[in-house]
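Form predicted on its own, single chain, as structure tokens, below.
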Amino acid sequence: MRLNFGIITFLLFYSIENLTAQDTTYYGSIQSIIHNKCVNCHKVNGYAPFDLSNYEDIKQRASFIKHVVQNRIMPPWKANHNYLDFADNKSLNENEIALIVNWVNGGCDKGKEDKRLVKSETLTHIDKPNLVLTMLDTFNVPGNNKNTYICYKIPFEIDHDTFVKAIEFFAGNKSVVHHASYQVLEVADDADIFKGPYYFMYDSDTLNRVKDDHDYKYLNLIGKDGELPVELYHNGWLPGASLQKYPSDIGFRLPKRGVLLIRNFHYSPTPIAQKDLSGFNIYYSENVPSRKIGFAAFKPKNPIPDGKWFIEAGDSDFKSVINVRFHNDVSLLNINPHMHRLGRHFKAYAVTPTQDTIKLIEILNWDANWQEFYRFKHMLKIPAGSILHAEAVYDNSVNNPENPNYPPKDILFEWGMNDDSEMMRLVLLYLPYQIGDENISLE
């Protein structure tokens, strides 16, 4: 192949001109990049270890920032944007990385301050929550250097049913709260939801897994006639996760009497006992939303009669798949793939009845520490009759630096949620499709 060096030289010159034409001072371009992509975690009382919300703190760590952005260590964003890009993408593009590198190499010029507001990273900066629900008592995280998993209920009663436009989890003790998967449940009128216990720890007695018949009964969420709770909303949180907010006519119903159940609450290992009091900020809709958010969670079919199968020690290419048929037209809002520490790769797409492929998500280098409820840029239509296909790859060998066991050992698959087990889930938030949904922005 013959190369056209004239075109290459022009493109290189154009790229350099385009970059240098931008104001590479702190106030000219760096501040907006850092605030949009980093300050959600790196702020006073944030989840990250230092503050990046002002010039002096950023300048002090300029060389370190240059290193982590050049090597794409930070900001953490696992979804492959070349496969499909999402709203609130926290990753840096090549131009943003080049701007930061040039700024650091040039001596971190401060520039002229711009008094315009910088993008807020949470609703609490612009509005007060209508309802704040916190854990009913401080939870004592054991200082045993082990992962701690609990299921915790927060019962509530309000004046009347209402609707929610946004919900925001907040961690009480940011040094140990790792992630939370939660549900909004409506319960029977005769269920004594305020009667204890309020939580239990997942252990061998509960088979280390979420199990409705055990969990609901133990926490007094079942009516006297056996009426089970009804799930109205489901979501999850990790440090750095985006606030889940939607257009004004979309939301979910908050019942007059119900429970916010933190179904899978994970505390990181700590050598000393610590305390936590986490909770939720809830924002009501100004009007009754015309469209109610739906939730669906899928897992692989288990072919083993006794309900167990294993990822054998040393297996570096264990594969699992999910195949689901859509029976109605739907508009997708969010997608959340889930694996544990052996996970390496996750990919999901839908194939329509006309054999078109709709890309949903790809994560090339899985990291269990960063699991977003990714929000699509626009509602994504999936036609009725489409087949959702998801595939996951796991590495239970010594070559996986995230393997919690050395030497590796056989790991139960789809039978638990601690370091002795693995799983595959795909969670979708959706609406029944309406004409024109494809044009509605979720950014």
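Throughout, we count residues from 1 along the sequence that is shown. Between two forms, the rigid core is the largest collection of C-alphas that superpose within 1.5 Å. Keep in mind that what you see is a predicted model, and the values were worked out from it rather than measured.
One more form of this protein should be noted, the form predicted in complex with heme C (HEC), which is absent from this view; the next part is about it.
Asks: Any chance P75 has a heavy atom within 4.5 Å of heme C (HEC) in the predicted complex?
Replies: Although heme C (HEC) is absent here, P75 would touch it in the predicted complex, with heavy atoms inside 4.5 Å.
Asks: Do P49 and heme C (HEC) come within 4.5 Å of each other in the predicted complex, heavy atoms counted?
Replies: Output for P49 is yes: heavy atoms within 4.5 Å of heme C (HEC).
Asks: Does heme C (HEC) get within 4.5 angstroms of any non-hydrogen atom of I387 in the predicted complex?
Replies: Looking in the predicted complex, residue contacts with heme C (HEC) do not include I387, since no heavy atom lies within 4.5 Å.
Asks: Heavy atoms within 4.5 Å of heme C (HEC) in the predicted complex: does V44 have any?
Replies: No, V44 sits far enough from heme C (HEC) in the predicted complex that none of its heavy atoms falls within 4.5 Å.
Asks: Counting non-hydrogen atoms within 4.5 angstroms of heme C (HEC) in the predicted complex, say which of Y198, F310, W370, F326 makes the cut.
Replies: When heme C (HEC) is considered in the predicted complex, the option within 4.5 Å is W370.
Asks: What is the one choice in V187, I282, L92, L254 with a heavy atom within 4.5 Å of heme C (HEC) in the predicted complex?
Replies: Looking at the other structure, the residue within range turns out to be L92.
Asks: Okay, which stretch from 60-68, 396-404, 24-32, 377-385 lines heme C (HEC) in the predicted complex, with non-hydrogen atoms inside 4.5 Å?
Replies: Flagged stretch: 60-68.
Asks: Could you check, with the core superposed, whether the Cα atom of V398 shifts 2 Å or more between the shown form and the other one?
Replies: No: V398 shifts by under 2 Å between the shown form and the other one.
Asks: Cα of A368 displaced 2 Å or more between the shown form and the other one, core superposed?
Replies: Stays below the 2 Å threshold, so no.
Asks: After the core is matched up, is the C-alpha of V321 off by 2 Å or more between the shown form and the other one?
Replies: After core superposition, the displacement of the V321 C-alpha between the shown form and the other one stays below 2 Å, so no.
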